[in-house]
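Quick setup: one chain, the form predicted on its own, written in structure tokens, and binding and motion questions come after.
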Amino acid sequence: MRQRLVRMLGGVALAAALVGSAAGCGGSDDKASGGGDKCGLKIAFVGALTGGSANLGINIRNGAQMAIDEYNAGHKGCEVTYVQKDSQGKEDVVSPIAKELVKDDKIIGSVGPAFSGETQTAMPTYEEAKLPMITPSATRPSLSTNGWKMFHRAVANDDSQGPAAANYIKSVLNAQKVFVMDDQSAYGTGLADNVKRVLGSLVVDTDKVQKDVTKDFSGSITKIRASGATVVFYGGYYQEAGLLVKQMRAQGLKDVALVAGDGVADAGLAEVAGKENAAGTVVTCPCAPASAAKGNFIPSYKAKFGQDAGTYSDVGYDAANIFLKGIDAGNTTRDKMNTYLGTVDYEGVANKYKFTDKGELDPSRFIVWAFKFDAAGQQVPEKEIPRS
């Protein structure tokens, strides 16, 4: 009798243990329809966390981290792991990172790469392994022309940002002579080419420098002065743009305005140039001001990270949430997730998202804003600008 009772109690205990085990991973609700468990999945971030381009990468990394942390707080015992990889913004660094990430089949989505050059390098690896990605910030138009099915872009590309910047130069600054420069990067060259195309005969001269190499802009400044330009457009990133405007002011070009794209839309410009020199610089971004993000994003971000959200922080948050919504809907494999991205119509804190068959953001969702640096070195929203 005692042995029978022990066997009965043991059976009850085993059943309870099995139920508890299932509940520890969300129970049957966390089993994806069609097979596959929602528990144990991973989302990657790829972007610059160190080096000269780190500010923009950290903004995106933090936004995505906040989304994943919020998700995990509501999915105790069935969390999503956040895999963060520092590309340093360099193409030779991102290549082995991409090859490492795709080997882990628990990674079913990647936020980033963040920059155009590293995206161009990583995408063939992602494509072969069928790892879907959403870039919050890589804007080179040609990224969507390679037939890649895994590529998705959460912002407008430079075919929209470039014309918007050119229209600002013509309509707001009323410039008649414009000098156009770029840093020869995949991003900077494409953006500058779009500006030149729209401005046409208003471009009086051009020049090229080299990202991460050029420190002395004396030659360019001599050409700017000789051209008689009242506006310089710079296609590149804030490190070189900061040095450029600092040296322009030091060499007497006090009244020549600097206009640049989203690669310069960062507090790092004022840090490099000095607040006084950066003041008046106009930057465009295919994004709304982070300060306009919906819901509790702004106070929650500051409470979590001890600083204000920056350029693309909110887009990074939205990109991660798109993947997380996909997981909740049962898309627990790379193939299912990519199919889901092709049908998603998601309203985030920064924008509404829907992707074309080439991975571009639906043109009806495009946003381009102009920001201006003030005397305190702050990037202040000025106005949304038309693309044509």
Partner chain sequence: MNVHAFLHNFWENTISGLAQGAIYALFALGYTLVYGVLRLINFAHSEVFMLGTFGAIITWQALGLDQDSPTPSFGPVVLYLIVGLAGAMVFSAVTATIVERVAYRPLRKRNAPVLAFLISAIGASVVLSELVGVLSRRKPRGVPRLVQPEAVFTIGGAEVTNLTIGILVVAFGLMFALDRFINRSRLGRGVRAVAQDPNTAALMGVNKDRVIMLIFILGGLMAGAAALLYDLKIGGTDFFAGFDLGIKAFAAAVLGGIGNLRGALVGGLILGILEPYTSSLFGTQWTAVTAFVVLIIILLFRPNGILGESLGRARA
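If you're wondering where the values come from, they're calculated on a predicted model, not measured in any experiment. Residue numbers count along the first chain shown, from 1.
The discussion below concerns the form predicted in complex with its partner chain, not included here.
K.L.:
Report yes if all three of Asp207, Lys215 and Lys223 come within 4.5 Å of its partner chain in the predicted bound form by some heavy atom, otherwise no.
P.N.:
The answer is yes; Asp207, Lys215 and Lys223 each reach its partner chain.
K.L.:
Among 77-85, 257-265, 275-283, 100-108, mark the stretch whose residues have heavy atoms within 4.5 Å of its partner chain in the predicted bound form.
P.N.:
It is the stretch 275-283.
K.L.:
Just to confirm, Leu243 within 4.5 Å of its partner chain in the predicted bound form by heavy atoms?
P.N.:
Leu243: contacts its partner chain in the predicted bound form.
K.L.:
Would you check, heavy atoms only and a 4.5 Å threshold, whether Gly342 touches its partner chain in the predicted bound form?
P.N.:
Looking in the predicted bound form, residue contacts with its partner chain do not include Gly342, since no heavy atom lies within 4.5 Å.
K.L.:
Is Asn55 one of the residues lying within 4.5 Å of its partner chain in the predicted bound form, judged by heavy atom distances?
P.N.:
Flag for Asn55 set to yes.
K.L.:
Taking 4.5 angstroms as the cut-off for heavy atoms, does Thr356 touch its partner chain in the predicted bound form?
P.N.:
Outside the cut-off, so no.
K.L.:
Give me the residue from Leu131, Ala156, Ala270, Ala229 that has a heavy atom within 4.5 Å of its partner chain in the predicted bound form.
P.N.:
None of the others qualify; the residue that does is Ala270.
K.L.:
Using a 4.5 Å heavy atom cut-off, which residue among Thr121, Gln239, Asn167, Asn194 comes into contact with its partner chain in the predicted bound form?
P.N.:
By the 4.5 Å criterion, the partner-contacting residue is Gln239.
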